[in-house]
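Following this are structure 1 and structure 2, which are two forms of one protein chain, each written alone as structure tokens.
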Structure 1
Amino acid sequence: MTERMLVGLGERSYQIWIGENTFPAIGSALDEVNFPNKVAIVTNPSIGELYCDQLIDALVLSGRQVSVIQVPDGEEYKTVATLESIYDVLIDRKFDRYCGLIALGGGVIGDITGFAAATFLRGIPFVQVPTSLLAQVDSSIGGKTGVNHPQGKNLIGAFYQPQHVHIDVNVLATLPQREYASGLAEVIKYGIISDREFFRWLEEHRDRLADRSAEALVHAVMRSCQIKANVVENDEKEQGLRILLNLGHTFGHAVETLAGYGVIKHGEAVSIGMVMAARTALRLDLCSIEDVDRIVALLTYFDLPVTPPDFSVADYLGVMQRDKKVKDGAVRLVLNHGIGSAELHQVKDLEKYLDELLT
């Protein structure tokens, strides 16, 4: 059975389909939104080998003309150079404004395909078919697209919503363990910032999630998507509420940048960042030691890292001061209030807190 939910954004609204073995239904989903007949699937070699043929078959059955564009696999290739290589193929194959892109892959593929769609010929439609857990519950929803810059993650991009998000939890069976655990970090994040009962459900069903039970995954993905959709509907372009989705990300992006893109996976960096945020919240009396211990215990159950890598306070500060949430030169952090709530805080004396967190 395929579940459906709506991301309500007026004329930019779109549906998310979630279930098992959903690929055969993608033609029908695209027909519902009048998606173009000439499409290009953007993917990487490893994902393409596993799932591209299934997707092509379903698209051809719906009467579509399908091209495939392969880009290298990995965060280190989420660059302007890779973006230009997509443009080159689209131009060479005579794509026009009446064509569309389909992102088949994880967060890197989704982000770069979305940005290509946002900027090619000033905008063509695209669809997200996320194949990693992290992409299914986070990056495929909400319209954040972009590429990295050597001085920071996602510094070049645009808000550009997909026309449809098509999620099949069965693809998670082939996901490498580190990638799967990275996605669970984002799932856990939703419980911390918005839903104490969902966090408790994750604690109670952690064995089933570790075993990749399809039933448990459908529930976890559905609830995560619903929380994110609710936030995006109220703050599409991150002017207020949506910034709470960045719990752990200011610290986490610093970890990713300092370690080098691809060395520490995004979800692993977010896991470290959420623990750093929780420990900062503890020092500010925003949560209890019991809250911190529960967060650490759930993350470590899935073998996620919780200790920041060994870089200097000055290194961390240098990267964090380039974060998109910096305002008037001040670093602002999303911090949890217990479990189930979070707020944005301007943290004074961040250097002092970092010194404590890194020792």
Structure 2
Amino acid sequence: MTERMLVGLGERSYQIWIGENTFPAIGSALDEVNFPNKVAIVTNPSIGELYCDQLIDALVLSGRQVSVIQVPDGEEYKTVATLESIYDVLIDRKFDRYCGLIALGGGVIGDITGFAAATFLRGIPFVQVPTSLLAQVDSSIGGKTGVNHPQGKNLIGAFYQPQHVHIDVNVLATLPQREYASGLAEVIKYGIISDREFFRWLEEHRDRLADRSAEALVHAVMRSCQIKANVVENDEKEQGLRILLNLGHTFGHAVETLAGYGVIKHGEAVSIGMVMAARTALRLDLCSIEDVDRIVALLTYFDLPVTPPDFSVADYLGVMQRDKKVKDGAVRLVLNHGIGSAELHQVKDLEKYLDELLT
């Protein structure tokens, strides 16, 4: 059965469909939103080889004229140059305002395709078909699109919502193990920031999730999407509540930066960051030791790292002070209140806490 849920954003509302073997239904989903007939699938060679034919067949059956645009695989290609190469093809193939784009891939493909759609001819419709776990539970929902700049990640972009998100958990069977575990870190994050019962469910079903049971994945992805959708509905442009999705990201970003981009995956850095946040919360009496231990145990079960790499307090502070949540010079951190809620805190004496966290 395919589950459906609404991301309610007024005239920018859209549905997320989640299930097993959902590709054959994509034509009906697109028909429901009057999606254009002339479409281009944007993907990379690895994902294209695995899933493009299935998607093309379903789209052609629904009467659509389909072409494919391939861009190279990897975060290093999430650039303005790749974006330009997409515009070049669209112009060559005479795409007009009545055409649409379909992002088939992980977060890199989704972000770049969304930004191409936001900007080509001042905006054409697009659909997300996320294939990594991170993209299914996070990046495909909420309309953050963009590319990197040599000076930093995601510095160029726009909020631009898709018309539909189409999730097939079966594609996760081919996702490399470290990518899969990284996605699970984001799933666990949702439990920590807003749903203690979901966290308990993840603990209870951890072996099925480790085995990538499709049934367990449908539930985990669906609950994660509900939580993300709820946050986005209440704070589309990240003025407040949406910041809570950054649990573990300030510490995690420091870990990623200090280790050198690509050495530690984003979800792995978030895993370490969530443990650092939980230990800081413990020191501030916001979280019990039992809850810290549960968080560490669940992340560790999925082979996610939980120990910060060995850099100095000054190194960590240096990166964290450049975080986008810094206000009036003070570092602000999302900290969990036990398991099931979180808030943004201005942390005084961060140096002291870091000193403890790193020893």
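Just so we're on the same page, residue numbers count up from 1 along structure 1's sequence. Not measured: the values here are computed from a predicted model. In this text, the rigid core denotes the largest set of C-alpha atoms whose superposition between the two forms falls within 1.5 Å.
Only structure 2 of the pair represents the form predicted together with ligand NAD. When each C-alpha is placed with whichever rigid part superposes it better, Ile188 ends up apart from Ile167 in the two-part motion between structure 1 and structure 2. Between-form comparison between structure 1 and structure 2 gives a rotation of 10° for the smaller rigid part, taken against the larger part from C-alpha superpositions. Taking the core as the fixed frame between structure 1 and structure 2, we note the C-alpha of Val292 moving 2.4 angstrom. Its Cα shifted by 4.2 Å, Tyr353 is compared between structure 1 and structure 2 on a rigid core fit.
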